[in-house]
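A single chain, nothing else alongside it, follows as structure tokens in the form predicted alone.
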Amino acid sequence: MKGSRQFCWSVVKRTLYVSPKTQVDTSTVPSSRDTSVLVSPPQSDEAALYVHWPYCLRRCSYCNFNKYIPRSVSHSAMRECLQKETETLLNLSQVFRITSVFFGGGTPSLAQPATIAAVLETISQHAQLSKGAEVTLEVNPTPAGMSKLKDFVQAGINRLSIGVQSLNDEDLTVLGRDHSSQHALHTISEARRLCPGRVSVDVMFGRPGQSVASWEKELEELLCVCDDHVSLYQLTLERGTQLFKQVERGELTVPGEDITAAMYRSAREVLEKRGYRQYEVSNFARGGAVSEHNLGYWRAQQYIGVGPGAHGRFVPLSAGADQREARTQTLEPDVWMSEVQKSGHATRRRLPLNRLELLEEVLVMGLRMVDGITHQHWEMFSPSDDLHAFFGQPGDVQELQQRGLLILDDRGLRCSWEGLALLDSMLPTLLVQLETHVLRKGQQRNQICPPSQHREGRQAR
């Protein structure tokens, strides 16, 4: 899922990511932390669906996503397996309606439009996909990618997310991108012609050698041509990537934290002046052109992940389960296809989420949004304890509120303008208080319930 790329705080990786390198049986895996009871989130008959296309023509110098550079691709085999796994997981989840679809990668614009059409047709055969549902395709702004945009739209795509990253050709070379600034501008223009008001542009800051002044100039240039949605991503040096090694060897230098903080602050101000409303840490929209698919992630709604390495969060109702599971599909495309052909799906790991793990996701995802977490939303996942019970007590979280970084009021829990930029550093404090409260409530429950009766209750479940 594209949206999840932004969620990589080490303190919450155990919750938001299940390591796809670890091979375990797909039977139920017990939680590593016993919080007395395993609970289900509010049942829903709808979900979003993410489809992962794992192939790229080359690997960018900063990238550590699940992607592969193949000698050749069997489009017919990939199409068949994506359809088959989509059907299997839809039947397993028993959702009635798919709210949005996102084709990510990798480079999904390398897929054939017929593959996109086939997956969408499979969805429509097994769930309701309304005509107006948001269907997004990530696009690499190369001439080859641009030439197929019309065919993708005819196949059912109605929103395009373009990975521009930079309008500086030297920076694009350093990043290992296979497009130029002119390619990006032409692709944006064609995308806006085909999907007016539904084109998103990704741009990266904190690049090697970048200054605040050059960043502001580049952003102004981009806003002259882009549509109604902009996503800003700070470059992250991932261990094992080519860029990480170049910086480690001293061949390149990246801006320090103070400079990147100034870049982020400046970008927020520039975008606001241009009429873009920030609605999430990295995302800005005007005219209501928000990403409905990513909003589903941040609101902790169900989503189904299809394709090599895809992640999902849903309740597998047809298997008799009654709680949400974190699911990861097999990473390697060839192995994934073999498992799908054999079993109908290639789920490599399943992790039932207990109450604490579920609330962690609601908290971490929800606070990324400018509007934060409403009391009504929190109550859906925690009907017995409201936000004040968790975060209104004296302690470190209250200190964050006194410093003006966090707001807890009648609307709910959210970051202030200044706090949103510091969310990463605030999360450990919030997660510790959340865990302390949940564990304390679990202990109180155990004290009330006699040991033998409690054991019988768990066996009955």
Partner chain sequence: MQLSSINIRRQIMPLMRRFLDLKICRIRRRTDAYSTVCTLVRHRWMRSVVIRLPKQLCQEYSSSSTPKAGIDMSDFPVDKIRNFSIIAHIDHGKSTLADRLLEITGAIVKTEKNKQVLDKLQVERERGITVKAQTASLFYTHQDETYLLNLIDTPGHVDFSYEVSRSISACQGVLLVVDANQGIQAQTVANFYLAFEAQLAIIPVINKIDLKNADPERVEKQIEKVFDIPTEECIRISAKQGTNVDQVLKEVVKRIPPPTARKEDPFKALVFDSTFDPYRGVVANIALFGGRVSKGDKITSAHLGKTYEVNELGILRPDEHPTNTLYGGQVGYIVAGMKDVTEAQIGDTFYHHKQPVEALPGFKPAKAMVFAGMYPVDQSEYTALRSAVEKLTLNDSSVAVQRDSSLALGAGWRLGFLGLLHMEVFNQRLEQEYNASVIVTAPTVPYKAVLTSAKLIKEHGQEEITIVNPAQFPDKSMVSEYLEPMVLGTIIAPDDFTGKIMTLCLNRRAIQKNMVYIDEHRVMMKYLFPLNEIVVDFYDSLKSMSSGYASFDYEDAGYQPANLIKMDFFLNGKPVEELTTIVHKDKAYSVGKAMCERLKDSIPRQMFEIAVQAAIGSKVIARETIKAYRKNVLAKCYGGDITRKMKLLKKQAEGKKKMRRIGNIEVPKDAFINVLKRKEK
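Owing to the predicted nature of the structure, the values given are computational and were not obtained by experimental measurement. Numbering follows the first chain given and starts at 1.
Same protein, other form: the form predicted together with its partner chain, not shown, and the subject of what follows.
Contact with its partner chain in the predicted bound form, judged by any heavy atom within 4.5 Å, is made by just one of E325, E361, E87, E339: E361. Interface residue among H377, H179, R368, R198 relative to its partner chain in the predicted bound form, by the heavy atom within 4.5 Å criterion: R368.
Here the marked residues R265, Y303 and L405 all reach its partner chain in the predicted bound form, each with a heavy atom within 4.5 angstroms. Only one listed stretch (228 to 236, 117 to 125, 90 to 98, 382 to 390) carries heavy atoms within 4.5 Å of its partner chain in the predicted bound form, and that stretch is 228 to 236. Its partner chain in the predicted bound form is not approached by R207, whose heavy atoms all lie more than 4.5 angstroms from it. For the chain shown alone, F103 is not a contact residue for its partner chain in the predicted bound form, no non-hydrogen atom being within 4.5 angstroms. When contacts are judged by a 4.5 Å heavy atom cut-off, V335 does not count as touching its partner chain in the predicted bound form. Not displayed here, its partner chain is approached by E257 to within 4.5 Å at the level of heavy atoms in the predicted bound form. Scanning 401 to 424 for heavy atoms within 4.5 Å of its partner chain in the predicted bound form gives R403, L405, L420, A421, L422, L423, D424 in sequence order.
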